[in-house]
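Here we start with a single chain on its own, the form predicted on its own, put down as structure tokens.
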């Protein structure tokens, strides 16, 4: 009798725990069996990774995935044509805030994702949205609307030459003022060694300037997206960026993109470089690999606000299969798949992937990991690019101002001109989207 009672209690306990487990983790993965969804991605490492995993999703859900992976320009062109026509032939797609964000949102080309995320019938608790790093969620949020789930992390960090710093007996800078002082001290023009190298080539420089602008307390725009590039904080950022290059940068910096900066760093001709963490791999294959160090972006009067961003997955409003599309997104970016991607060399957006023992065992650059992870968890960080529809044209305008500043021009008058020109561009490109 006792054994029967114990057996019954055990069965009840198992059923109870199973029910708790199911309610906490599971959804009906077969709810949309037989559905076919169209997923369009830009050609990049994560797309190649997920392509090899899709059969698992199809087996789990019974949903068939028609995957298209296109070169970036072709990807963007095809999306624009599809969405403008409203033909509904794309269900899931990849985009970037600093390229598409505001334009797609204002055009009605993003389906808000919070209703999906907050629905327990569509999203299991163990999806753990809070596991995504703060910076990546900020980047996937446009004008307060969550429009995507982040694929990977790309952040602004400091590269430094350990040997040059050790020889000078100075610490890695933690503030912008310390950055300037270190860069000046480490400059030896007779030996062809420069304290810092930064992008100076027009529009390309705006990407890196973003971190300086916001850390100085400035901003691209106010809450109504009116440009704020002639405020005292913005003027100070222009001046600071220009002074760094004038006092400690190589000649011809206005012609330098990331490639030229990377080459200077890899050859030992630059003591500091500030740019994206994705360029670390090439430096770590150079002859100076053992001398390359990594650190978080310096703190300024406005805080520590390095720029960042990356691709994210979104759902098209024109899709007739949005719930099946959401199943794909949350499966593709669950903890297991994100960790697999991380182990395949992709810098992902989940904190747990960076902290996983499997990743740490394989990690050859813990200093880079530390700098990246600390940056990912910062609050209030900006996007690489300005928040306007005609982002490419406006980047050109801001880039001209950066070049003028580097060349010693009148920054205040140029900044006023930048604001006026941006407003004109906005009037021409956004008036029908308000």
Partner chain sequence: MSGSRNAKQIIKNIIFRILLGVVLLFYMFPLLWMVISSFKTQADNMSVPPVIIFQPTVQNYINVISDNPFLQYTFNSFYVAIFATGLALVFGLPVAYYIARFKCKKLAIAILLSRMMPGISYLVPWFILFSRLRLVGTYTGLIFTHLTVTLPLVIWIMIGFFEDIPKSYEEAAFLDGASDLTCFFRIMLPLVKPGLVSSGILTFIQSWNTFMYSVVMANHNTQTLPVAVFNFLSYGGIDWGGLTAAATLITLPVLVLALLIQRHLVSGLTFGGIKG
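Worth saying up front: this structure is predicted, and the values here are computed from it rather than measured. Positions refer to the first chain, counted from 1.
In what follows, reference is made to the form predicted in complex with the partner chain, a form of this protein that is not presented.
Taken together, the three residues 163, 171 and 178 lack any non-hydrogen atom within 4.5 angstroms of the partner chain in the predicted bound form.
Just one of 89, 299, 363, 126 comes within 4.5 Å of the partner chain in the predicted bound form, counting any heavy atom, and that one is 89. Among the residues 85, 223, 290, 118, the one placing a heavy atom within 4.5 Å of the partner chain in the predicted bound form is 85.
Annotated contact segment (heavy atom within 4.5 Å of the partner chain in the predicted bound form): 64-72, selected among 26-34, 64-72, 378-386, 363-371. Residue 340 falls outside the set of residues with a heavy atom inside 4.5 Å of the partner chain in the predicted bound form. Proximity of residue 259 to the partner chain in the predicted bound form: non-hydrogen atoms within 4.5 Å are present. With a 4.5 Å cutoff on heavy atoms, residue 78 counts as touching the partner chain in the predicted bound form. Shown alone here, residue 286 lies farther than 4.5 Å from the partner chain in the predicted bound form, counting heavy atoms only.
Figure legend: C-alpha atoms of residue 396 and residue 75, shown here, are separated by at least 3 angstroms less in the predicted bound form. If you compare C-alpha positions, residue 44 and residue 282 are 3 angstroms or more closer together in the predicted bound form than in the form on display.
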